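What follows is one chain in structure tokens, specifically the form predicted alone.
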Amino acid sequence: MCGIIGYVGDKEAAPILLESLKKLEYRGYDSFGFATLYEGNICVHKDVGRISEHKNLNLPGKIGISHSRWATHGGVTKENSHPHMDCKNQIVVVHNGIVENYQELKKELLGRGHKFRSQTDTEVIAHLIEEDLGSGFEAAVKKALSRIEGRYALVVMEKGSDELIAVRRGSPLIIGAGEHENFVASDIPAFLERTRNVMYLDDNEMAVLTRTGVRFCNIQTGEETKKRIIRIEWDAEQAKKGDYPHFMLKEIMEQKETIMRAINQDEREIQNIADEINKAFGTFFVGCGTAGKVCLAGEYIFSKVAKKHVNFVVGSEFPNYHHFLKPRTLMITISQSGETADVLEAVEVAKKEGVKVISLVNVMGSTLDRVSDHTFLINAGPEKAVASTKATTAQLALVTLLAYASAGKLEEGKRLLMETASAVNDMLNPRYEAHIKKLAEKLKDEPNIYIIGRSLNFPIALESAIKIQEVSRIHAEGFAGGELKHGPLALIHNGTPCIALIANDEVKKDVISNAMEAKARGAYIIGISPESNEIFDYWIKVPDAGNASPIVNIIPVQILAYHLGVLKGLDPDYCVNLAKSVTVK
């Protein structure tokens, strides 16, 4: 959600900022802006729409900041776009997050004669810094932030200064250390082509960037801190589309490799996490959105494979469960980005009660990685499309592997998942994709799509609905098959598309029976299953993957959602009103 990139070095800043911000388009945004410093003056350019439509940026200077905005306070306008400035145009600010007490602060500042140009919460930060500039740039930033409530990532530039100041509390900021140049960004792909050396800001830390170096300190104590430089090893090419028309399709096709990478890890580490689950006094799986559906699938997988009860709680609701937490409780969080605000808040609640936190995360060095007691990387590589695909199946693979390890059947689980990865490799071919595209051509003008599943595939029905909603903007809902007759059948009429997710398991006949109930009321039945059935109006074959059926059953829906979006003239990489990393509550 929102993108930040700042640059200070010996090259012209504007071209670097423009290309770097384009690399953060996947985060979701509706407007953008740039500011550079040249001969003591601040030069600003703002706009709404797509950054990718801008070929050139005529702003001089070798120091600058930029931002892609996802509107929270104020409409989508140039005035509300970042950067924001103070009354005297001395301070310019870009900001991710929410200033929770901005209304009180704005009222106070207006009372002292400040003039506001936008409806954003961010602008109050610039005015607060302005008030104390007499004490020095760094001191003024620290004092302003002492007044602010909420989570933020902030980069500030001052007229006449050769420094950038970056501060974070709860939202990600990463320093890129180059040669005669330094970067600060909300995500690594922004500067990966220019440097692989990174340093992560922690909460309540400030970084002061110049052309020759970076200095860190704690904004509350003033104490200087030292940072370890981490070398990013993944290839910058992984973050490019290559020959694919969209990142989403590329990432769907990469599942041939990413499932295998997820499970091909240190077996001792997998078993150690399984042992922690077995000895815990209650285990909570916590995630949001798609990762939350993976967590829910974990409830079913652990019950079926390990004969063990684990609890799923969506991240934003977890604080309501603090009464049950004990030092022997275990929390397992699942997140692609490792920056989801609701998950991080849930971790804070758990930590206060002495709970051990283990995280399955895709981004090494992310906030969740750093605050967890133990992190297990899913190794899916960079995922750029807003709608998660390869990270989802990698997460499902790891949760399945942990369930088998908890049951003392690690090798059995690994064999199952290796066979599943091989089957996915066979699935993802042009003919298979064309078969699903043909279905998308039939469904693209439908107003509603419903998905049913049971057992392991009920959470996948819910995730299928998310994919279709995100990418095609078609109203989609997932249901437990047995719930159809408790309300959802009222939504079925002649021709209503209904996708049935089916595995060769103990509930197979029940799901088919539920599909028949829908068909009897006129539904157009799409079967996703290992075997065809006479009730299917359209059949998409998937491998018989046993307890790994959630992995193979979600992939055809990912492809369907992709082609629905493309056929409707939408960009499947950028979901309307949504963002890749939800870093605000």
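Residue indices: 1-based, along the sequence shown. Model, not experiment: these values are computed from the prediction.
Not on display, but discussed next: the form predicted together with 2-deoxy-2-amino glucitol-6-phosphate (AGP).
**Student:** Although the partner isn't part of this model, could you tell me whether residue 122 comes within 4.5 Å of 2-deoxy-2-amino glucitol-6-phosphate (AGP) in the predicted bound form, counting any heavy atom of the residue?
**Tutor:** No - in the predicted bound form, heavy atoms of residue 122 and 2-deoxy-2-amino glucitol-6-phosphate (AGP) never come within 4.5 Å of each other.
**Student:** Indicate whether residue 289 is a 4.5 Å heavy atom neighbour of 2-deoxy-2-amino glucitol-6-phosphate (AGP) in the predicted bound form.
**Tutor:** The answer is yes: residue 289 has a heavy atom within 4.5 Å of 2-deoxy-2-amino glucitol-6-phosphate (AGP).
**Student:** Is there a heavy atom of residue 467 no more than 4.5 Å from a heavy atom of 2-deoxy-2-amino glucitol-6-phosphate (AGP) in the predicted bound form?
**Tutor:** Looking in the predicted bound form, residue contacts with 2-deoxy-2-amino glucitol-6-phosphate (AGP) include residue 467, since a heavy atom lies within 4.5 Å.
**Student:** Verify the contact flag for residue 335: yes if a non-hydrogen atom of it lies within 4.5 Å of a non-hydrogen atom of 2-deoxy-2-amino glucitol-6-phosphate (AGP) in the predicted bound form, no if not.
**Tutor:** Residue 335 belongs to the contact set for 2-deoxy-2-amino glucitol-6-phosphate (AGP).
**Student:** Please pick, from 515, 201, 387, 451, the one residue with any non-hydrogen atom lying within 4.5 angstroms of 2-deoxy-2-amino glucitol-6-phosphate (AGP) in the predicted bound form.
**Tutor:** Contact check passes for 387.
**Student:** Please tell me which of 340, 457, 393, 96 lies within 4.5 Å of 2-deoxy-2-amino glucitol-6-phosphate (AGP) in the predicted bound form, judged by heavy atoms.
**Tutor:** Only one listed residue qualifies here, and that residue is 340.
**Student:** Want to guess which of 349-357, 473-481, 289-297, 423-431 is within 4.5 Å of 2-deoxy-2-amino glucitol-6-phosphate (AGP) in the predicted bound form, heavy atoms only?
**Tutor:** Selected range: 289-297.
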